[in-house]
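Here's a solo chain for you in structure tokens, the form predicted on its own.
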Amino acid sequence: MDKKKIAWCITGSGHYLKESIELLLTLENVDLYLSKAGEEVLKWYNYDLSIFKKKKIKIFKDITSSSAPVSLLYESVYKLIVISPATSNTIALMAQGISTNLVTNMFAQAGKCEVHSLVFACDTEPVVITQAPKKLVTLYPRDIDLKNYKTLKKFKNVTVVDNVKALKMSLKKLNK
């Protein structure tokens, strides 16, 4: 049986955050990576980190300039990187090859180490209805957001999904 782990990364999006966390909590052998915005959004949506600690999920926060935890990729600790949910900012950075935080560094280094990445993109259609902390809101992703989403879908060893059903199916397929 494969003992390698999944690295689950959360960025600053509330779009399907609840569903992403529910799925994450069903997994074994998973570590959690939080961008600074990801840590903030968990608080906005009233998630306490203790829910992860109770499941013995190790938490890595974006507190070092060099994103030191990415070194675990070099040690073949992970078989899969999941970024769910991923903001349009994160998608833009990854699509352009820019690594400025823990999550985008995990993505970049996963690519360099040939570790597959599964990305749940938020801004994928001209109109997106999403859950904000206090109510549903309608968003209108910009053309550049949609372009970056399409660009990222072309990356080698990257699966980009745009809904919860596809996330679950891809995770099941990739988590063998």
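Note that residue numbering follows the sequence shown and begins at 1. Just so it is clear, the model here is predicted, and its values are computed rather than measured.
One more form of this protein exists, namely the form predicted together with a small molecule; it is left out here, but the text below deals with it.
- Put simply, of 115, 146, 108, 37 only one has a heavy atom within 4.5 Å of the small molecule in the predicted bound form, and it is 37.
- Interface residue remark: residue 133 is counted as part of the site for the small molecule in the predicted bound form, having a heavy atom within 4.5 Å.
- None of the heavy atoms of residue 140 is located within 4.5 Å of the small molecule in the predicted bound form.
- The shortest heavy atom separation between residue 41 and the small molecule in the predicted bound form is within 4.5 Å.
- In the predicted bound form, the small molecule sits beyond 4.5 Å of every heavy atom of residue 99.
- Screening 65-73, 46-54, 123-131, 24-32 for residues having heavy atoms within 4.5 Å of the small molecule in the predicted bound form returns a single hit, 123-131.
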